[in-house]
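What follows is one chain in structure tokens, specifically the form predicted on its own.
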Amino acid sequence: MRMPAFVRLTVRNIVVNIDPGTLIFMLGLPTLYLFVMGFMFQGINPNGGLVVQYHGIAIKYTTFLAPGIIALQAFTAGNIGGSMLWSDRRWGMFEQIMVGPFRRSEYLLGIIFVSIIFALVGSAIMIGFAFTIPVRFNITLAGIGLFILTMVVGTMLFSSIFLIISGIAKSMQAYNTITILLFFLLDFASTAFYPITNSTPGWLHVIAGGNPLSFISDILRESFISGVDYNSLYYSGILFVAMLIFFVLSLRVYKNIRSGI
């Protein structure tokens, strides 16, 4: 029995992205963040390690940091879709695929599926690494379910954003500039690495509070630390609505994409 077209494209996308550069970007950089920031920040306080306040509870910084590092997998995996579309258009692969036995919808599904696969596999690896720091997670079935749902929705959100950038960028320099700026802004102006406190400047509070990476990081913390509650479901709903909005926008941009640059 022949595999569906989008499955074949997904397999092709996996093979294309299993290279040292992509793996370093997907796994190497987050792992570096996890170990360097985890061990170095833990050493700030030699008497038990650095402690932060989370929902009024004092927890070790490493336990706070790990869900944020895991959340980065949705961000980096989402970039794969935009990068693949841009590369395929630049090197003529998009045109070749479109004249073959594939539809635009199947090509799009192949991109989305490979991003989700990379995000889930990468986040599972990060969870394994996190326990070596160590961290203290409260793993429940509800938490695991929310974690998987959040990673899928978050990856689709970032895939949509990068697909939009890939569709509107007119040159390699423009695409790289936009994505690099986006990475710096969303990475460091989020709650992935540090909590929002009363001493956080108002403008940074607003940026971090509206950052989708902050939503994913905080939902994962609810999943692994304090447990699934109303707040985590509320933020999950906001994340889902944001994903739908950007996904619809990406479909409109994708529909107008022509072969070539």
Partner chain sequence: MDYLHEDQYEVVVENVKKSYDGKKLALDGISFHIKKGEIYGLLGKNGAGKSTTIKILTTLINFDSGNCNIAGYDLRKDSSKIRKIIGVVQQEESFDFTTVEKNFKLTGMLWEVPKNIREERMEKLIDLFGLQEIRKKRMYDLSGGQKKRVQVAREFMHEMKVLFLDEPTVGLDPIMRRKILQYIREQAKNGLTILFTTQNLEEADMICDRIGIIDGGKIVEEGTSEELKFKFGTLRTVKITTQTNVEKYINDIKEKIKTVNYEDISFDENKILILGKNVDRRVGDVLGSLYEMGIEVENVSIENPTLDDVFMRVVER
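The structure displayed is predicted, hence computed values, not measured ones. Numbering follows the first chain given and starts at 1.
Below, we refer to the form predicted together with the partner chain, which is not included among the displayed structures.
Partner proximity in the model of the complex, defined as non-hydrogen atoms within 4.5 angstroms of the partner chain, places exactly one of 99-107, 130-138, 148-156, 184-192 at the interface: 99-107. Interface residue remark: Val248 is not counted as part of the site for the partner chain in the model of the complex, having no heavy atom within 4.5 Å. Taking the partner from the other structure, the partner chain in the model of the complex has a heavy atom within 4.5 Å of a heavy atom of Val11. With a 4.5 Å cutoff on heavy atoms, Val15 counts as touching the partner chain in the model of the complex. Within 4.5 Å of any heavy atom of the partner chain in the model of the complex lies no heavy atom of Val121.
Met93 is the sole member of Ile125, Met93, Ile117, Ile178 with a non-hydrogen atom lying within 4.5 angstroms of the partner chain in the model of the complex. Taking the partner chain as positioned in the model of the complex, none of the residues of 194-221 brings a heavy atom within 4.5 Å of it.
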